[in-house]
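Starting off, we have a lone chain in the form predicted on its own, written out as structure tokens.
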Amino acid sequence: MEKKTRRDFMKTLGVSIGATGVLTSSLLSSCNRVEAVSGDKIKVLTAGGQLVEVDISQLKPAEFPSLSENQERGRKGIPGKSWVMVIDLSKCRNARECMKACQDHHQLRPEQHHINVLQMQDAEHTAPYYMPKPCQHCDDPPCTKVCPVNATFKRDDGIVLIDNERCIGCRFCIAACPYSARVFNWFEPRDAEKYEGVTYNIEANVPQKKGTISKCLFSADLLREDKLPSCVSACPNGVYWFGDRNEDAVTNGTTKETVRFSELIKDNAAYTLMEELGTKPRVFYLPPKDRAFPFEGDAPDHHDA
């Protein structure tokens, strides 16, 4: 194959592969960029930012979705779904694996967070605890109302997303969000060269772009593949439950146990953050009772002076 012809072929090459080695068709079905390397192999960049090398003989041609097709699908959401998250504060021990997985999945620099784990204390003499805080994916989100270019929006399945192809970086949404859940890309994104030429995926907000906003997405691209969000899967302590409110079912990312969403929040006195604002968050918290781990942070000293 001539060099030019090979390059043209690679531009329109999709991937599907049998269950050989550690690579699976589910991994490669989400690939949105390929590039030629020496010999009879190519490098494949998955939508999750994972670079893998595959033999050409295992590939077959397919057309990639265009940018407009990605944007249109991303705005509609997944039909019939109503996504919710439950965070059990009694299980969190500040492992921060959720933060790392999120950063890896969404091309975030070390100082950027879609989800952050905070040390909390409700009153002077109460015990501190850890609280993961992602975007709350409000049903009445103030952030979407102030965007002048419709770059941030709420989908029918409940997820609030950003289209950085429309975002002008005005940061009105950052000012409007009462949960401080958005970040601004002040610098070139992490591993920018690796994502060069990759078609923008609105459901992963990748590639990231300097001068635009980024936020928690509930890993909408993974949900379309029937997978749990990256933060939920990465937690080693069973902190996160995630699922579909329409089905009244949520699954724990660690134990893989599935329970009724309505019973979980009712039996454990779940609450949402800043309920008085009327934003109607889709992230629910279970109080830090009967803790699975002792607090390991810097607890305040309550001894009298």
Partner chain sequence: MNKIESPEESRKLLDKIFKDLTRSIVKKDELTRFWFFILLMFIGVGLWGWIIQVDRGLGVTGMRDYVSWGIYIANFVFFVAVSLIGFLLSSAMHLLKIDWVKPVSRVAEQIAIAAVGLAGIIIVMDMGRPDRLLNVFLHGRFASPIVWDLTVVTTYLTISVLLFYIPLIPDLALLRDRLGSQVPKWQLKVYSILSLGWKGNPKQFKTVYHAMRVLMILIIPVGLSIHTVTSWLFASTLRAGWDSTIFGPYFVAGAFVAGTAAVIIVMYVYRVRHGLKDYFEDKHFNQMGKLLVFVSLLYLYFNVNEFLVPGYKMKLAEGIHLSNLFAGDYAPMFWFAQIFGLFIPIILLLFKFFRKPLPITIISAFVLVSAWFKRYIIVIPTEEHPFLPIQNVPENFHHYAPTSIEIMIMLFSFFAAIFIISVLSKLFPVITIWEYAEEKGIDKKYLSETPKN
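Residue numbers count along the first chain shown, from 1. The structure presented is a predicted model; accordingly, all values stated were derived computationally and were not measured.
Heads up, the form predicted together with its partner chain isn't pictured, but that's what we're talking about next.
Chemist: Has each of 85, 190 and 219 got a heavy atom lying within 4.5 angstroms of its partner chain in the predicted bound form?
Modeler: Checking in the predicted bound form: none of 85, 190 and 219 is within 4.5 Å of its partner chain.
Chemist: Just one of 199, 90, 116, 233 has a heavy atom within 4.5 Å of its partner chain in the predicted bound form. Which one?
Modeler: Contact check passes for 116.
Chemist: Answer yes if any heavy atom of residue 164 is within 4.5 Å of a heavy atom of its partner chain in the predicted bound form; otherwise answer no.
Modeler: Yes, residue 164 is a contact residue.
Chemist: Would residue 99 count as touching its partner chain in the predicted bound form under a 4.5 Å heavy atom rule?
Modeler: So residue 99 counts as contacting its partner chain.
Chemist: State yes or no: in the predicted bound form, is some non-hydrogen atom of residue 107 no more than 4.5 angstroms from a non-hydrogen atom of its partner chain?
Modeler: No.
Chemist: Are any of the heavy atoms in residue 269 no more than 4.5 Å from a heavy atom of its partner chain in the predicted bound form?
Modeler: No, residue 269 is distant from the partner.
Chemist: Quick one: which residues from 129 to 158 get a non-hydrogen atom within 4.5 Å of its partner chain in the predicted bound form?
Modeler: In sequence order, 131, 133, 142, 144, 145, 146, 147, 148, 149, 150 come within 4.5 Å of the partner.
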